[in-house]
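Here you get one chain, nothing else, as C-alpha cells; it is the form predicted on its own.
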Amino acid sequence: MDENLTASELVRDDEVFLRMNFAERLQHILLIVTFSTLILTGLPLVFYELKIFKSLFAFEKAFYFRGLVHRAAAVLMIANILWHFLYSIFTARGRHNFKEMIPKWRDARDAFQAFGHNIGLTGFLYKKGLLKSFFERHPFWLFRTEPEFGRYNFIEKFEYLGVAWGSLIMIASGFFMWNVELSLKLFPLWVHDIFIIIHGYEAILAFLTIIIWHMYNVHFNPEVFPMSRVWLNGRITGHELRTLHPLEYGKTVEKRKKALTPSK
C-alpha cells in the first residue's frame, strides 16, 4: 500500500469508528432514565403549589408512591455511578477515556477562543481599522477560526465534571433528607433545611443544564441535527471525526501513516 496516501484516503468520510462501546452506552442510558425519573418525581415536591402537580398527584398516597419511585431511581443512579467509577479504573478503555476527559490549560484557551470567535468583536474592530497594528502582530486575538478539539471538547469536559460534582451534592443532601432522624442527630434543624434547599435548587440547575446546554451542543448541533445517534449505536463517521474532533482525526491519520512506513 502507498505510504504517501492523503488524509482523506487514510481515513475515509464514510468509515465508521466506535466512539461509545456497549458498556458506555448502557451507562449513559441508565443515567438518562434515572435522571429523568428523579426530575419527574422530584420537581412536584419543589413546585407542589402549581395546579398541574396538584392535579397529577391528587389521588390518595400519590406523594407516598412518588417518594418510593424517587428513592428507587436514586439507588439505581448511585449504582450506575459506581459502575462507571469502577469501569474508569479497571478497564484500559475506561482509563483512557477518563484521562482524555481531564481538563487541561488548552481547554481554557479553547473556551476563550470559541467565545471570541462567536462574539466577533475583535474582527469587527480590525475591519474598522481600530488596533490594526496590534492584531497584525498578534493574529490569535482576531479569533478568525474556531478551536480544534480532540476526543472531548471543553464543553463535554465541563459537563462531565458538572455531572460528577452535581451527583456528589445530590447524593449527600438526598441521603440526609432520606434519613431525617440521623440528620437531626448530627446537625441542627437549620442545616437540615439547607440540605433540602440545596437538593431542590441543584435539581433545577441540572435540569436546565441538560435541556438547554447539553441538548443544544450535542443534539441540535447543525452537524448532527436533529439528533446525534452516538448514544444509541456508539458509532461516528470519518466525516464527523474530521469536523467535530479534528485533533483526534489527525492522530488517527498519523497513526496509520506510521503503520504504513516500513521500519528501518
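These numbers come from a predicted model, not from an experiment. The numbering used is simple: start at 1 and walk along the sequence shown.
The following text describes the form predicted in complex with ligand HEM, which does not appear among the structures shown.
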>> By the heavy atom within 4.5 Å rule, which residue out of I89, V191, I171, L82 makes contact with ligand HEM in the predicted bound form?
In response: I171
> ligand HEM isn't shown here, but in the predicted bound form which of Y152, F175, W141, Y160 has a heavy atom within 4.5 Å of it?
Replying inline: F175
> Residues in which of 176 to 184, 115 to 123, 141 to 149, 96 to 104 have heavy atoms within 4.5 Å of ligand HEM in the predicted bound form?
Replying inline: 176 to 184
>> Is I78 near ligand HEM? Define near as a heavy atom within 4.5 Å, in the predicted bound form.
In response: yes
>> Taking any heavy atom pair closer than or equal to 4.5 Å as contact, tell me whether I210 reaches ligand HEM in the predicted bound form.
In response: no
> Closest heavy atom of R71 to ligand HEM in the predicted bound form, within 4.5 Å or not?
Replying inline: yes
> Any of the heavy atoms of G67 lying within 4.5 Å of ligand HEM in the predicted bound form?
Replying inline: yes
> If we check ligand HEM in the predicted bound form, which of the residues in 33 to 50 reach within 4.5 angstroms of it by a non-hydrogen atom?
Replying inline: F35, L38, I39, G42, L43, L45, V46
